[in-house]
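A single chain, nothing else alongside it, follows as structure tokens in the form predicted on its own.
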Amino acid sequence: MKNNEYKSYAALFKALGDETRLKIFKMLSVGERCACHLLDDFAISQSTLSYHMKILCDCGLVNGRRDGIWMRYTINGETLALLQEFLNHIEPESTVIDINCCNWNP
């Protein structure tokens, strides 16, 4: 993996590192949602929601489209698949202990 790819993944994790954005992302997992419905589920202002949605859209996790005066949002399936593929390639270390490391003494 190239360094710029890590930068892209870091932006995705950073966007999901906020509790509100993580909840919004989960809410979008059931399908397209209007900003008005997202606002109903949170005690935040429209400008605060717009801020969170901009972060989710800018990193590519979410797509937005204008519908009259409101925005409608969906998860970007292509970006989600890349993120899932990244996570699927991370495996826990083996349980073998390097006894020569850090003066290991049982």
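This is a predicted model, so every value here is computed, not measured. When you see a residue number, it is the position in the sequence shown, counting from 1.
Another form, the form predicted in complex with the DNA, is not on view; read the next lines as being about it.
By the criterion of a heavy atom within 4.5 Å, residue 31 is excluded from the residues contacting the DNA in the model of the complex. Taking the partner from elsewhere, residue 54 is found to have a heavy atom lying within 4.5 Å of the DNA in the model of the complex. When the DNA is considered in the model of the complex, residue 14 lines it closely, a heavy atom lying within 4.5 Å. Of the heavy atoms in residue 35, some are within 4.5 Å of the DNA in the model of the complex. For the partner-free chain shown, 43, 44, 45, 46, 47, 48, 50, 51, 52, 54, 55 of 40-65 come within 4.5 angstroms of the DNA in the model of the complex, judged by any non-hydrogen atom.
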